[in-house]
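Taken one at a time, structure 1 and structure 2 that follow are two forms of one protein chain, written as structure tokens.
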Structure 1
């Protein structure tokens, strides 16, 4: 706990008001949760007394109703409304046909955005999955593997904002002659590069440095899932392959990889979906400047910084069209994988 006694007069007053503010907010939150549960309990108690032929429809309406209403207002209607808005102008006042999509297809800043997004979509997932697979294979027989797995998996727990700040410090750059405070610059200096560039500003390198954050976060995920899949391969299969003379890397390429193919693709598509939708890294590290903009962040900027609802909605629709097939494929694979186990 912070020690209030160390704070001087006015600061003490401020600290007091901070705790009061916190108490008020927690009170409101507890009230909301308890009120929510209380209303549900009361409704359940009252509705539970109903008998006869109405009891069943009543149960369906009361139990499915709230979720259905929220899904309709939160997802179904907005989905349609965003598509509708994408054909209107910046203020959603005038119908402009496909103009917003035309802008997305022809304007050169958006070409850069789409190219960056494509690079992210290909490089980050493949790097994370590949590295994860390699680690999954190598970590398995090591002593204390739990420690290594935990440490590599840990970045997955923290927010992309925190991850971005962690790497912003790594990529931090100072002018020549000053002490470097970023690890990457220091490493460059130690290797004899006296005046390393300002990493975040150097295009196109900065794009790959930003992708590095995503790889840092997702590699542990890939490793844990693939490690489980490798352990689940039946012994008889590898035994048979070994009797046929397969060993080492050949055994891996021709037996292990085909056996975990589905899981491998599930991991790859999962990271692709996350990569496409994530705007946190770009927003936190560069704000989309210096040639690092991606689709998800451009959508946010157009909608909530430029207040151009039409363009923002058109970009959201493009994002949806890119993500949807990946999600469908991903879920289909997951179901197939579950059926075979």
Structure 2
């Protein structure tokens, strides 16, 4: 009994300390939110009271000012700093010029990383877009299509980390003679494969299995967007094509695809942008080991595990340069589509 009393005192003190710390953090957060709302209310009140020739410029500054500040502090300044650090050594103390970029261009491990990234960039977006288009065509002809679309779209509500954990359990593999708990291994055993491999360790199969997670998540997005584009095709065009003898595959290739080509490209490039930045899946499932490393995860590893700021920044710049053309092309395509409407 005395022992219990001696233990109870520190335990209660620790619990009180944790509660106080939590209350302090909650109070600071609530205070920051209330302060921000107070500033916004004061700004809007001042804008509403402004009159005369200064009212419009003041309204523009007040509306665009916060967005501009956030854009500068959250994107422009970090981008410029990253470019700056990419020309320095690991400790950001000595200027080394383009040495970090030379390392990225000549290092064999980085060549493997770039090859894996290229495979992701080609295979995952095409697979997700193609499967989404196929499902859009199939589901639109079914009764209760809203239910099926919701089920296919549901993975979009799951974070990539959660999806990776789910598929890590699916790919779980145990040795011969043991009960398999992974769905993929169980299917392999049911088909007569007595000793399925450790899927995550099997190169290069593991790269394609990881891509499957991205395809699973993004297929719903592709299906919903492409289904809306298909429904927007005027019935007159479809009926005219049918009267000219176009049916089945010919109708799809010569009428449906050309009519939704812009949407198809936008979906494809959007998934390509997401794929290029794929970090969560590789980080969660393999940590970049077993030949699965990609550019985004290598950037993180160089910066925060090997503490080489210069190389990590150089890889970040390379990743930005890879994503930027896709973003610009996507914006240009959307503007062109709006102009034609």
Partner chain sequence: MSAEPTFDKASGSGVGTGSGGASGSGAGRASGSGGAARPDLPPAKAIRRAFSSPLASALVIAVTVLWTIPTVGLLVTSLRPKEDVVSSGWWEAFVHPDLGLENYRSVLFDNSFGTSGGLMPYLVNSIAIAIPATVFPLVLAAMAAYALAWVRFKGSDAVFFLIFALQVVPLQMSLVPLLRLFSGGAHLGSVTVIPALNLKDTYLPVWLTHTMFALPLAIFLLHNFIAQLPRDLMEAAVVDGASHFKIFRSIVLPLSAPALASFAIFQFLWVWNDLLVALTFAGGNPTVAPITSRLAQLSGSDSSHWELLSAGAFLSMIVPLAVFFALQRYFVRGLLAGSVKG
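Between two forms, the rigid core is defined as the largest C-alpha subset superposing within 1.5 Å. Positions refer to the first chain, counted from 1. No experiment lies behind these values; they were computed from the predicted model shown.
- Both panels show the same chain in isolation, but it is structure 1 that comes from the form predicted together with its partner chain.
- The rigid parts of the chain swing between structures 1 and 2, and the hinge residue from 265, 127, 189, 74 is 74.
- Treated as two rigid bodies, the chain shows a rotation of the smaller part against the larger of 15° between structures 1 and 2, based on C-alpha superposition.
- The two forms line up on their rigid core, and residue 24 then has its Cα shifted by 5.4 Å between structures 1 and 2.
- Per-residue C-alpha deviation between structures 1 and 2, core superposed: residue 66, 3.5 Å.
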